[in-house]
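Shown here is one chain on its own, the form predicted on its own, set out as structure tokens.
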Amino acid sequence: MLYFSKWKAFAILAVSAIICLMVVPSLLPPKVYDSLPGFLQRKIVLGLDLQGGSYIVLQVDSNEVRTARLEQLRDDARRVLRDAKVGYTGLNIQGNSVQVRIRDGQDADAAFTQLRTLAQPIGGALSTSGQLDTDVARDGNVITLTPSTAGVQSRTIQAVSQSIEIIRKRIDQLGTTEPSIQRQGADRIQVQVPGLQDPSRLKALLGQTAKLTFRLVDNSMTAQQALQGRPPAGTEVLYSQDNPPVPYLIEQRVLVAGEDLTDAQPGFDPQTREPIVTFRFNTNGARRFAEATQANVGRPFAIILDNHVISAPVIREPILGGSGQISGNFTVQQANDLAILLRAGALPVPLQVVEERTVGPGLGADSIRAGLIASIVGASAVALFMIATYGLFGVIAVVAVAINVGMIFGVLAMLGATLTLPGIAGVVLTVGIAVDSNVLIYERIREEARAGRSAISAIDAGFTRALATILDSNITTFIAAAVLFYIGSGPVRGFAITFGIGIITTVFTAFTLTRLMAAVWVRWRRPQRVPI
């Protein structure tokens, strides 16, 4: 056990040194760090509680969910009655219901049966709750479809889940590391982005639904005439984002939707050098875009984002390649953010910002300073105790624990993991476990020495017997840390990360580094008695 070949000893020292050195880039000034080669630009990311950042809470508006469901029911009812060839009139949204009057009373039973198929079980076809998401009622020839309260709640929960994925895509493309995005209650989403000191940009990025559509501009009358009178059927007046906003008379029929986009990138117009956003459609979108531009050469083609006209260029020629560009007097950041929104996709419903704040780095600096002082005091006390109790082997233990801590931060830097305040607590707890491992080893050595073994035999047997116990205890502790990481979130996950890494480095140093240092000393001094 105490014999190490040269290559094995070299490998242990090399691995320990390389991992510890990985923490160095995190300590360098930004200018020096930026000059490092790409593979060395790995540093520990401080969490929101240590470096500050942006924090917002978003809420899904259940009224918007209900409105969207009502519009869907209205469209589905129109489709169902048309397919069933049932004459009707007055199909419209009235309050929190959709009402329709069947023209012929003899068709009312058939229409009621067909419309009842629009009510779906909450939780899917396999659900056993027996609840439906829509109440369908009949009063003579009038049939009413009302979204149930349970149905709206279920759709709100679904909207939150879908929104979390879209939000994660948008924030990931900001280039930030380790954002925390989690559900808060049934209808809220908590977002924490460490390092992002501009909450207004985060708010603008997440506050947009980003529903993109391509529609034709109606030239049968001007927008002003439509505002003063009545716009033609199937059209509506939408405004641009200019100051002052410019009205456009837009056809409600969507020619191509943003769902068919496969990519969007910021760029510059080669002629005007103004920021633009280029986009590309999938096969279906490219076909529909080509058909729309072929059939409407010479007409203005409005690009609409969240019911605002971004631009309305005239189609000069058919666009057959499945790609195009959006120009709209953007700044570079606006073009970047619009490209991010389009790539990430549209939110299922609008989100309202109900809480917004910036966490300053001051609190983190105080926490780091307090944690550093506590760590120095605690580590010094532990080091003095180990040296006073175990002498030379106490010094070996202190060196091994110091390297262990360096390896924890090195692994954090290699993984680009986030260090949070609870994560620092995980490191401190790891120090205690590492010291405890050394105490176990040294007590076993003492027991072997008292049993009459020689010094070398006692040290060898002490390491052999203790390491099995250390391995068993650390495996169970690591399982607990893994469960914390899998189930927990935010601060709990930050603690689990450093604690889990610390357990691995503790086992490594106890099995290899501490034993190597003890073996080197034994071969050098050839002791006659155990020096502890």
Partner chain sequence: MRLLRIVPDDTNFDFMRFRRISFPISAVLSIVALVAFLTLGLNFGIDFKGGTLLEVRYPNNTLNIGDVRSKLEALELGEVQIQEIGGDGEVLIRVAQQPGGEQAQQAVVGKVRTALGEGVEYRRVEVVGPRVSQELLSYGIVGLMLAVFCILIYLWFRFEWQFALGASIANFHDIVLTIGFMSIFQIDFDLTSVAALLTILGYSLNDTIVIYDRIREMLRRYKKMPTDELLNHSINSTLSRSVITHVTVTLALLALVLFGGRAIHSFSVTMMFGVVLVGTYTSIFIASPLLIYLGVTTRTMAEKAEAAGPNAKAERITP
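Residue numbers count along the first chain shown, from 1. Basically, rigid core = biggest C-alpha set you can superpose within 1.5 Å across the two forms. For clarity, every value in this text was computed on a predicted model and none was experimentally measured.
The same protein also exists as the form predicted together with the partner chain; that form is not shown, yet it is the one meant from here on.
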(request) Would you check, heavy atoms only and a 4.5 Å threshold, whether R444 touches the partner chain in the predicted bound form? (result) yes
(request) Classify D34 as contacting or not contacting the partner chain in the predicted bound form by the rule of any non-hydrogen atom within 4.5 angstroms, answering yes or no. (result) no
(message) Is it the case that L484, even though its partner is missing from this view, gets within 4.5 Å of the partner chain in the predicted bound form, heavy atoms only?
(response) yes
(request) Answer yes if any heavy atom of D75 is within 4.5 Å of a heavy atom of the partner chain in the predicted bound form; otherwise answer no. (result) no
(message) Quick check for you: of 469 to 477, 39 to 47, 25 to 33, 65 to 73, which stretch puts a non-hydrogen atom within 4.5 Å of the partner chain in the predicted bound form?
(response) 469 to 477
(message) V359, A388 and V439 - do all three of these have some heavy atom no more than 4.5 Å from the partner chain in the predicted bound form?
(response) yes
(message) Just to confirm, with a 4.5 Å cut-off on non-hydrogen atoms, which of R168, R183, H308, K203 contacts the partner chain in the predicted bound form?
(response) K203
(message) If the cut-off is 4.5 angstroms on heavy atoms, which of these, P247, P318, G378, G345, is the one near the partner chain in the predicted bound form?
(response) G378
(request) Scan 499 to 532 and note down the residues that get a heavy atom within 4.5 Å of the partner chain in the predicted bound form; none is a fine answer too. (result) F499, R529, P531, I532
(message) Is the shift of L429 between this form and the one not shown large enough to count as movement, that is, does its C-alpha move by 2 Å or more after the core is superposed?
(response) yes
(message) My question is whether Y239 is one of the residues whose C-alpha shifts by 2 Å or more between this form and the one not shown, given a fit on the rigid core.
(response) no
(message) Is the shift of I470 between this form and the one not shown large enough to count as movement, that is, does its C-alpha move by 2 Å or more after the core is superposed?
(response) yes
(request) Say whether the C-alpha atoms of A481 and I167 sit closer together or farther apart in the predicted bound form than in the form shown here, given that their separation changes by 3 Å or more. (result) farther
